[in-house]
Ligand SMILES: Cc1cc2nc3c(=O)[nH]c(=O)nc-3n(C[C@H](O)[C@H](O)[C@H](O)COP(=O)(O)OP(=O)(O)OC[C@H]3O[C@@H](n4cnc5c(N)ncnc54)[C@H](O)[C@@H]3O)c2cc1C
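Single chain ahead, by itself, as C-alpha cells, in the form predicted alone.
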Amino acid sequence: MTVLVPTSLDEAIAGLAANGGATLLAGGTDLMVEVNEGHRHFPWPDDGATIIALHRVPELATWTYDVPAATVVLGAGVTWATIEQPPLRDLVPALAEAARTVGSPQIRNAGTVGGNLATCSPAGDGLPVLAALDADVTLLSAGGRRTMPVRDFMLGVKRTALQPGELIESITVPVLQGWQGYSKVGVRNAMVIATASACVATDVPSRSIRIALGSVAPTVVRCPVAEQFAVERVDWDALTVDAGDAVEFGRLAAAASRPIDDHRSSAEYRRHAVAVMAQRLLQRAFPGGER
C-alpha cells in the first residue's frame, strides 16, 4: 500500500490524477470506522492500493469571508472544532450548532466538513444545514473545477456526484440575515448518530424560510410546501408566528420525510420527531406569537 502525503493542493491533484482509484483520507473519522467495522477493506501492499492523506494541504484547511458576496468559503479540510468557535460560529450559527453535536472533542478536532459531505450519510450532522443554507460545493480535478449546489451533490445513501479523479475543494455557504438553528434527536444525549435532524434557516431581507431534514430519507430532504406555508404565515414586521401555524409547519415538514424502521428508531417516531423539531425551530426563529 502506498500512502501519499501532499503538502499542496497541486500535489494532491497530481497524486489523484496518477492514482485514479486512490482513497482520499481527511480526518478519518468516518473512513476508519468503516475499516474497523469491516465495511471497507484495503488491499495488501502488493496490490497497489494508494491512500492520499490530505491533512497537510494548507489550502483545504483555510476559510475566507467574502463580505461583498455575503458568503463564507470553507476549505474541505476545515474541522468541526474550527466551525464551532468564533468567528465562524457567528457567521454560520446553525453549522456551529451542528458542529457541537459531532462526536467528542477529539472527533471534532479531526473530522472535517468536506469529509462529512463526501461520506454523504443521511445522518451526517452538517448536511441538513448546508442544504438549508443553499450551500454550493466546488470539486477539483486535473481537468479543472466545477461547482454545484450541495443538494445536487448528494445523490443517495453514501452516494455523491464526485467523479473519478475529483476531490472536494471547498464549500461556499451564504451568510443569511436572520435566525437559524439545528436540532437532532438520538438514542442518548451525546456522541450519537442522529435518529432524525432538522435545520431551519431564515433570511429577513428576502423573507425566506428554509428547512432541511436529515436521517429521514436516503439523503437530505428540503420541505418546499412547509417553507412556503411558513413564509405566508409569519408576521415579517413583528417577526412572530402563531403557535397553531408553527404546529402546522411541523406537520408539513414531517409529511415531506421518508423515514424507515431500523435498529435506531421506527419510521413513526422519526416523523413525530421531525414535526416537533420543526415546530420548535420555527418558534425560536419567530417568538412572541399567540400560544
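In this text the structure is predicted, and so the values were computed from the model without any measurement. Position 1 is the first residue in the sequence shown; the rest follow in order.
Quick note: we don't show the form predicted in complex with the ligand, though the next part is all about it.
Here the chain stands alone, but in the model of the complex its contact with the ligand, taken as any heavy atom within 4.5 Å, falls in 165-173 among 165-173, 216-224, 89-97, 201-209. Interface membership of Leu31, defined by any non-hydrogen atom within 4.5 Å of the ligand in the model of the complex, is confirmed.
Though the partner is left out of this view, Ala76 does reach within 4.5 Å of the ligand in the model of the complex, counting heavy atoms only. Although the partner is absent here, Ala123 is a contact residue: one of its heavy atoms lies within 4.5 angstroms of the ligand in the model of the complex. Interface membership of Thr71, defined by any non-hydrogen atom within 4.5 Å of the ligand in the model of the complex, is ruled out. Asn116 is the sole member of Thr195, Ser183, Asn116, Thr82 with a non-hydrogen atom within 4.5 Å of the ligand in the model of the complex.
Contact check at 4.5 Å (heavy atoms) against the ligand in the model of the complex: all three of Leu24, Gly27 and Gly103 pass. Residues of 81-100 are not found to place any heavy atom within 4.5 Å of the ligand in the model of the complex.
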